[in-house]
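One chain comes next, on its own, written out as structure tokens in the form predicted alone.
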């Protein structure tokens, strides 16, 4: 498959997955959106699940290029966490289907998600090691770094996973107001995490 065809399929699939989610999306809709024959999608990807996983890997690969660069830089552990928060929220805002996919895969078969993470260049142990180094150097609190990582993920993921309910209950179903709230949340999460990890 040439890169142009692949990009067209991925962009079309992302748009449909954002609108319909993985369960609601249909291969025919994705083919129509990409301006190609459904048989071509099946030829390349065999199933909607395979296409979804390919889109997921493509999305996270781009995200983790930025994260890897940050983790390998000379900045402090705190600055690396701040960069991670910025990059993660930007990724989810551009690809709102990702949190639902993660939750469904955790419940369906976490081994699949673990494999996808490593294939996408995600190495959770590196983040723990970064935090452990900060703890040992006295620059971060003595908390078990797993508490920090899991708390951070909860603060970042939940507002996107629960968006339909939270938007309806707290924002009168105003999408733009909720988008503004998510933008503000970057700074809120950064401030909360920095207080949480201060030695």
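Everything quoted here is computed from the prediction, not taken from an experiment. Residue numbers count along the first chain shown, from 1. Each form is matched to the other, and the largest set of C-alpha atoms that superpose within 1.5 Å is called the rigid core.
Separately, the form predicted together with the DNA exists; it is not shown, and the next lines address it.
Contact between residue 170 and the DNA in the model of the complex is not found at the 4.5 Å heavy atom cutoff. None of the heavy atoms of residue 147 is located within 4.5 Å of the DNA in the model of the complex. Residue contact with the DNA in the model of the complex: residue 42 places a heavy atom within 4.5 Å of it.
The closest non-hydrogen atom of residue 142 lies beyond 4.5 Å of the DNA in the model of the complex. Here the chain stands by itself, but in the model of the complex one stretch of 53-61, 161-169, 147-155, 32-40, 32-40, has heavy atoms within 4.5 Å of the DNA. In the model of the complex, not one residue of 142-163 has a heavy atom within 4.5 Å of the DNA.
With the core held fixed, residue 189 shows a CA shift below 2 Å between the shown form and the other one. Core-superposed comparison between the shown form and the other one: the Cα of residue 176 travels less than 2 Å.
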